[in-house]
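Just the one chain here, laid out as structure tokens, in the form predicted alone.
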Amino acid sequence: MILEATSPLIAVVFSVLVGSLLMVLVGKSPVQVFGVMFRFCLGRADSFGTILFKATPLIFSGLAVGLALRAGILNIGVEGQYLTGAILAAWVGFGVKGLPGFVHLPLAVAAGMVGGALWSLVPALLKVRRGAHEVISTIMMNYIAQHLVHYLIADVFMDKMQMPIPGLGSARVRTPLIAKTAMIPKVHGLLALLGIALPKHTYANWLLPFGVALAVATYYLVWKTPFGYEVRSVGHNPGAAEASGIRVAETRLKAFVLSGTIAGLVGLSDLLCYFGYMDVDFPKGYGFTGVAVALLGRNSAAGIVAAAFLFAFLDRGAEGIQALASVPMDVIVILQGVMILSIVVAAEVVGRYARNLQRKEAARG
């Protein structure tokens, strides 16, 4: 157990060594560059707020991927699920009027969750009823979601009442503005009570503590409930689970849809706090990064939250070393890629070593 827990640390250390080698190759001192990164991320209030904001969608994405993995399902469709959830939440945000904030905001958030759940239902049914591999079906659903959302933004929901952009002579391709009653408040007031003052131009919001609370709830669901036991049994050995009376197909379906429900929350921090509308350049890639977050976090709730903050730290640090140390941002991208590969390799190597130790102990017994 202790050996398996060290594999993420091994992956991080190895990726740092590879990143240091890359910095030497581009003529930079690794000590100096990492020093700039840490000072830029930890020595500035705006960097702290940015890291909190960047970590928020990654927590939800990692939890969505991680929950599905517990049931033996690789949900690559988080990307399409959160885009579908975001467009549905945006529609509720600008299309439903006259509601107070304590009703409108939860309704918009719930719409995002419903959108993610509905988009995950198709590959889930294909998986449990037809045996279609979820990787193929979810990738296809991602493409469909991207083009469907683009069509809805550019045609059905496009805000044609906008004023032309000065100097460009054309309106932005986006939805109407979301009502203020559906916007998520920032956490600046709460952090101020703790003695942390964030600049107004940062967008850390209340979805972050909600995401941490959801991580705790996910841990409780997986490890403390009968359904969680069924999910873990199905993921570990579906044949044995079925022989013991667990309905494998039903458990996988529930886990898949629940994963999609969490995925529907991924884009809401950007949508309902930062942008206030959805356009064709809405942030993409959170779903695939969530796979890396779940792997690095060893598929545990606490590990996923920690990995989300690590990736957010690296993203913010990449901006700092590019601006202050003239190091290409691609170095950080490579660092993240090496980290993902390292965690996979380290987990396998450590796992084999642990299994060999268990065999030797059994042989002695």
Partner chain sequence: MSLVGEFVAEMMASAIRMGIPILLAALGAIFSERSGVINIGLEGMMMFGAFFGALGSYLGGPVLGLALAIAGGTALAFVHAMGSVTFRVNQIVSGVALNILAYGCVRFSSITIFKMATTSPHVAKLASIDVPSLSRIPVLRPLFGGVSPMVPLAVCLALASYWLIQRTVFGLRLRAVGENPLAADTVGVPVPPLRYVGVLLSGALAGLAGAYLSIEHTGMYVEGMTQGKGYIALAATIFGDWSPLRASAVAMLFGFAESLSFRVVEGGTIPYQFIKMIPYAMTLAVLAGVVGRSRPPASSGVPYEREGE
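In this text the structure is predicted, and so the values were computed from the model without any measurement. Positions refer to the first chain, counted from 1.
There is also a form predicted together with its partner chain; it is not shown, and the following applies to it.
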> Taking Ala217, Leu221 and Phe227 as the candidate spot, are all three within 4.5 angstroms of its partner chain in the predicted bound form by heavy atoms?
Replying inline: no
> Any idea which of 144 to 152, 235 to 243, 77 to 85, 254 to 262 reaches within 4.5 Å of its partner chain in the predicted bound form, heavy atoms considered?
Replying inline: 144 to 152
> Heavy atoms within 4.5 Å of its partner chain in the predicted bound form: does Phe288 have any?
Replying inline: yes
>> At 4.5 Å between heavy atoms, is Leu177 in contact with its partner chain in the predicted bound form?
In response: no
> Would Val349 count as a contact of its partner chain in the predicted bound form, using a 4.5 angstroms cut-off between non-hydrogen atoms?
Replying inline: yes
>> Check Val26 for me: does it contact its partner chain in the predicted bound form (non-hydrogen atoms, 4.5 angstroms)?
In response: yes
> What is the one choice in Val103, Ala132, Ala249, Ala110 with a heavy atom within 4.5 Å of its partner chain in the predicted bound form?
Replying inline: Ala132
> Val33, Val331, Leu310, Leu52: which sits within 4.5 Å of its partner chain in the predicted bound form by any heavy atom?
Replying inline: Val331
